[in-house]
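First, one chain by itself: the form predicted alone, in structure tokens.
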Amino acid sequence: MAGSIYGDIFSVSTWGESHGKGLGVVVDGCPAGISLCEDDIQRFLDRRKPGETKYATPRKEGDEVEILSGVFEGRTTGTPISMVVYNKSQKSGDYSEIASYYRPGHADFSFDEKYGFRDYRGGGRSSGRETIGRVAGGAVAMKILGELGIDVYAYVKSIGDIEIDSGRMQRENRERSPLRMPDLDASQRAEDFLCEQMRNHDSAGGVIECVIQGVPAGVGEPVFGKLDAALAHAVMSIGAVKGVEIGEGFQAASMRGSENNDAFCTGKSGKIETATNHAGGILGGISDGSPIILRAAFKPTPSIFSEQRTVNQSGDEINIHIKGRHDPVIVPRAVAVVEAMAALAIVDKLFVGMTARMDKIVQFYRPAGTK
């Protein structure tokens, strides 16, 4: 299978299936000397693991990570970092029935068409558990960004038609909300909405917003390597994402140029800044120093317990009731995944950009005072 590697210089290669022995990632291109231990990775994995609230799948997995290589005496060695999480709560029998038909909203049919074969146990490679490798790799990227003073913060902006009020947002409330919403009033209304969907054997989607602060101006390439394109690619590669926007996004299409343009000004620090941020921190594919703002739209969980129409492998139309353990909404657990993919994209573009200017290369290889 091609397509399991992301990144040009700082890259991750994820592997494993939902009901296989385990899942993991190999991170390549990480500089030596970064403080890193399993606890640094675990705190991110804990935010996406199942079974934490009644709004997540009841599958119980500790998702405990083990670092196999690339770290010695608590620091990265500059060699590939390999990490694994072993599956411990597989119930593959819950999925044996679906081997003969295609679940609506899932990748069953497209996998069969592409490979002529599929792992039907929980979706195999297309399962949401594949994101374990992304989050583990993203945790390493977050350590690098932390060294540079760059902050990546994502949260649930909306579930269904219930959206947070920016005036009531408090960053610390994200961890107090079982739905990862920093507005606790909106979180309670969304919980009531989800309980109704669960009673109706249905599911919901939502939007995750991610704010990246501290990225210096000048990151990204002007043509095919645009920073916004890299972020869109990274976030759109998450299985349930059906749309990504930067800054005003689709709203910009209904604005006038006089409204959408961000005026330049001199900030208090004396540096050039923008007075507004309709562009979401990126102009011409290159960061402008403003906070980068992106949003990802997640579809409703396709595994619902209501009766659905489909066809079997023979093409016969049938009605089905899906079994197994499923999230009524996947958006809260995906917050860590969006952060991970955004961090991976930013780090890779930072590393690529290190060769953009000769004076910077000279500064690196010929320190001050040398001839």
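What you are looking at is a predicted structure, and each value in this text was computed from that prediction instead of being measured. Don't overthink the numbering: it's just position in the shown sequence, from 1.
The form predicted together with another copy of the chain is left out here; the points below concern that form.
Taking the partner from elsewhere, E64 is found to have every heavy atom lying beyond 4.5 Å of another copy of the chain in the model of the complex. Interface residue remark: E113 is counted as part of the site for another copy of the chain in the model of the complex, having a heavy atom within 4.5 Å. Mapping the unseen interface onto this chain, I304 counts among the residues with a heavy atom inside 4.5 Å of another copy of the chain in the model of the complex. Within 4.5 Å of some heavy atom of another copy of the chain in the model of the complex lies at least one heavy atom of R75.
No member of the trio D151, G167 and H321 reaches another copy of the chain in the model of the complex with any non-hydrogen atom inside 4.5 Å. Along 264 to 294, residues F264, C265, T266, I272, A279, I282, L283, G284, I286, S287, D288 each place a heavy atom within 4.5 Å of another copy of the chain in the model of the complex.
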